[in-house]
Structures are given as structure tokens and as C-alpha cells.
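Just the one chain here, the form predicted alone, laid out as C-alpha cells.
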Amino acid sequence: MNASLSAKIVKEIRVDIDKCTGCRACEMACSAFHAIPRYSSVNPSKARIRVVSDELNDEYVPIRAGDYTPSECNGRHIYTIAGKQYSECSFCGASCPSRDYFVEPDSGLPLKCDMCECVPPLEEPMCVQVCGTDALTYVEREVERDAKRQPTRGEMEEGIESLVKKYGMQAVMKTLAQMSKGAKS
């Protein structure tokens, strides 16, 4: 093994589209888990997983929210699956300016799957727990990574940048100042 590479065990959600029935239980469980307070509401538009469906052909594809991208991609490829055409956007997990998938409807902030991180940690993300057909499974795999790789930009910075673009720097700074005063009392 190269000295600049190191092995890491990652857990990921594996999707078997042949097993997905389109029940959308994963969307419901995800939105309930991420509600504030937890489990207080169910709103699929706040879910970090969406089921892209073609009910006429009985085809369903669960897509998880990925990284935020500040611009649209330049790929506009068309894929044909079982005789039906899909745009590349259909299966993209990114939050981007060209569509409202994986954007929090109340704040406009991008959503990203966090594998239901919490304390204490869950054994499996909620979407996997409620999937009755095993279309979603939680698996471990070993990956090699470059030890010199710099960390990517954090979600907090991306969220603040999104708010600044939407409301302006002055409004965001004013709100943060008000919030910090409220936190001190």
C-alpha cells in the first residue's frame, strides 16, 4: 500500500432498485426523524431521500440527498431504462439552482443525508429500518483515501452562503446578532 494512502471503513446505504416498491416509507421516516422536535411531523418535502417513480412501468428509484452545488451541472444526458427516457437530473442527489429537490422548503437551505446521525447513534438510518423490502440496506466497505486530501467545505458555510444570497449579508448578520443575544439570556 502506498504511504500516502490509508484505508478507512465507511458505512453507506446501498439501493437495490429491483426491490423498491415505491411505498415511500423511507421518505416518511426520514422527514419524521429530522423534524423539530424529532418525530413531531411528517413532511416528505423535508426528507433527505426521495423516490423517483414511474408508476405506469412500476419502476422506483430511491435517491439520497448529496452535496450542495452552487451552480447547475453542464450534463444534460438522457438515459433510457426499460424503454423509458430519464434526464440526468432524475437520479442526481445534489441540491442545485435548477430544481427544488433536496432544498428545505421553509428556509431554502440545501438538505444532505446525514445517515441519521444522533446521540446515541442509531444502528441503521431510519430509511433502512423502515424499508420492508430490503431495497435499502446499510453496508460497510473499505475505501482507500489520500491522507493529504484537504477537508471539503462544511455544510454550515454552505448554509450561511445560501442565506446571504437569499436575504443579503446585512439581514443575516442582524439575525445572527439577535440570536446571539437570545442565547446569552
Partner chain sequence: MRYADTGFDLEIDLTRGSIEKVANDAKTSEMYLGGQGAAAKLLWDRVPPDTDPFSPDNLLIFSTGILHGTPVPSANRTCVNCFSPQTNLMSHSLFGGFFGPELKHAGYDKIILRGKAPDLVYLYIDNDKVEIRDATHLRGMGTAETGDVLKKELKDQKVQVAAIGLAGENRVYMASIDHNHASAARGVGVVMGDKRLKAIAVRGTKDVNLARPAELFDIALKMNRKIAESSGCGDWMAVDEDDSFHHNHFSWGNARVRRKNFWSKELQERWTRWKYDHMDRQTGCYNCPKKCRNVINWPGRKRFGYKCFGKDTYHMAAFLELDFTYEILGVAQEYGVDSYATPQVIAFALELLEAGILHESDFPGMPADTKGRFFHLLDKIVRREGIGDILADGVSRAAQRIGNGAEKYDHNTVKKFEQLPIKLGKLNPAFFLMIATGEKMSITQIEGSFPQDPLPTPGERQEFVNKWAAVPDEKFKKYFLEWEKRNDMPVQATCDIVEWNEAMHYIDDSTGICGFVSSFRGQFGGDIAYHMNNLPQILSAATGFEMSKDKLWKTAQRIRNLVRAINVRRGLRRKSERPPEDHWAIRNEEYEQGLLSKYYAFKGWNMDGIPTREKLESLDLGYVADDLEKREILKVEEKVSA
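Between two forms, the rigid core is defined as the largest C-alpha subset superposing within 1.5 Å. Given the structure is predicted, the values throughout are model-derived calculations rather than measurements. Residue numbers count along the first chain shown, from 1.
Below, we refer to the form predicted in complex with its partner chain, which is not included among the displayed structures.
**Q** Looking in the predicted bound form, is its partner chain within 4.5 Å of a heavy atom from each of 89, 157 and 161?
**A** No residue of the spot touches its partner chain in the predicted bound form.
**Q** Give a yes/no on whether residue 126 approaches its partner chain to within 4.5 Å in the predicted bound form, heavy atoms considered.
**A** Contact check for residue 126: yes, within 4.5 Å of its partner chain in the predicted bound form.
**Q** With heavy atoms only and a cut-off of 4.5 Å, decide whether residue 25 touches its partner chain in the predicted bound form.
**A** It does: once its partner chain is placed as it appears in the predicted bound form, residue 25 has a heavy atom within 4.5 Å of it.
**Q** Using a 4.5 Å heavy atom cut-off, state whether residue 116 contacts its partner chain in the predicted bound form.
**A** The answer is no: residue 116 has no heavy atom within 4.5 Å of its partner chain.
**Q** Although its partner chain is absent from this view, report whether residue 176 comes within 4.5 Å of it in the predicted bound form, heavy atoms only.
**A** Output for residue 176 is no: heavy atoms all beyond 4.5 Å of its partner chain.
**Q** For a quick check, can you give me the residues of 105 to 141 that have a heavy atom within 4.5 Å of its partner chain in the predicted bound form?
**A** Those in contact are 105, 126, 129, 130, 132, 133.
**Q** So with the core overlaid, does the Cα of residue 58 end up 2 Å or more away between the shown form and the other one?
**A** Superposed on the core, residue 58 moves its C-alpha 2 Å or more between the shown form and the other one.
**Q** Does the distance between the two CA positions of residue 93 reach 2 Å or more between the shown form and the other one, the core being superposed?
**A** No, the C-alpha moves less than 2 Å.
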